[in-house]
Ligand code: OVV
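Heads up, the chain below is alone and in the form predicted alone; it's given as structure tokens.
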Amino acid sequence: MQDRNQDAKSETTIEGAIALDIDPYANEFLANPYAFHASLRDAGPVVYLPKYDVVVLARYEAVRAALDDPATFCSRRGVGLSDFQLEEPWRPPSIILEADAPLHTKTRKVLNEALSRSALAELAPRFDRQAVELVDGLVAKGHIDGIKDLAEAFPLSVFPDAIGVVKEGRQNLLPYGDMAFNAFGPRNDLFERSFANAQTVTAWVVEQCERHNLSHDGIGASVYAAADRGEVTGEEAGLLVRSLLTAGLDTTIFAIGAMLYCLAQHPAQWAKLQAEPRLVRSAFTEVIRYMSPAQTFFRTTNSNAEVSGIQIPEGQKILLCLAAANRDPRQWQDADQFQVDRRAVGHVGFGYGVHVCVGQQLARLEGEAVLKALISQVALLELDGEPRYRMNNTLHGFDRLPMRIS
């Protein structure tokens, strides 16, 4: 990486914004983004990246303000690099993630009801029991891959069941999620490789979203029950189930992987958590702040906008750097330190405002179930080899995490 003072160019396309020669989709950025995040934050409140003709907001205050202003920074034109007003999306847009009011208001209500506190409370005992059983078997092994054996294995065992997806073919969920999150970036090598088997994977996922393929007692059935009440159409219900399958698995896998890595890398924090199990919720929240699985999402200016006195024209793609905001020292004391007892409420790892992640409580339920099982059954938790990152245009986390537990 160049010295950040050398990154700045003398001219910018957005008057008043600093232009940086940084590629947020380069492998070195995706694997270790934190120094780049600091460069983006330190350059100014508004940064311009000529390579992609995008404006970047990386400071916490600016990111949160944009997320809280959907009228100006809209989602319906796509939350990736592609502008749906100018380009055809690779699949029908999400009617929850890539929608604004009034459509988003309607669909959000349906998912809020399907993922209500009472609905999730029924899942909690099952999740806790399955987490204990899984961790118990892993302790007996001693040496594990934290990703394959735990971060992937647990969500793949509980999440599709919760939605009501058939067991056969569930292996398609992981490549489909990889495709979806890579598609938020440019058509680079990561995009092309993830789409190599797109037709087969997409066809399976679309088929599973049909009512007759879902169990009668899962979250998917609850979405279709809303269609029966006339709250959405049958077609919209299918698209909402697709949204759950798209966004509800990979992000949780990356979060649990990050949790394992953070605890192994910070033994004093692991010891504190073991001594004070009541910190489970704050610890998982801190993982999302400290090592945000979802690094970025885009918005598009719906009209001329102003950020920190800098004028941004209508139709401009805005890259919201959630992960950079979550480590902004202007917002967080000791921002680059992992602290299980930190009050990290207000982080933007799940988004913010009307588009805040609708499934975050389900993700918390899974992550906290694993964490409680680890606390109750594991004394030693440490790395046992070199981790390997899983490269993705939007997500940050691991593909391999050798660990020793006992």
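Source: prediction; values computed, not measured. Note that residue numbering begins at 1 and tracks the sequence as displayed.
The protein also exists as the form predicted together with this ligand; that form is not presented, and the subsequent description refers to it.
Mapping the unseen interface onto this chain, F154 falls outside it, with no heavy atom inside 4.5 Å of this ligand in the model of the complex. Remark: L173 does not count among the residues lining this ligand in the model of the complex, judged by a heavy atom distance of 4.5 Å or less. Contact check for Y224: every heavy atom lies farther than 4.5 Å from this ligand in the model of the complex. Contact between F184 and this ligand in the model of the complex is found at the 4.5 Å heavy atom cutoff. Distance criterion of 4.5 Å from any heavy atom to this ligand in the model of the complex singles out S243 from the list S194, S243, Q208, S82. Of the candidates A323, L115, A247, L279, A247 is the one whose heavy atoms come within 4.5 Å of this ligand in the model of the complex; the others do not. Picking from 174 to 182, 214 to 222, 257 to 265, 329 to 337 the stretch near this ligand in the model of the complex, with a 4.5 Å limit on heavy atoms, gives 174 to 182. In the model of the complex, I96, L97 are the residues of 95 to 134 with at least one heavy atom within 4.5 Å of this ligand, listed from first to last.
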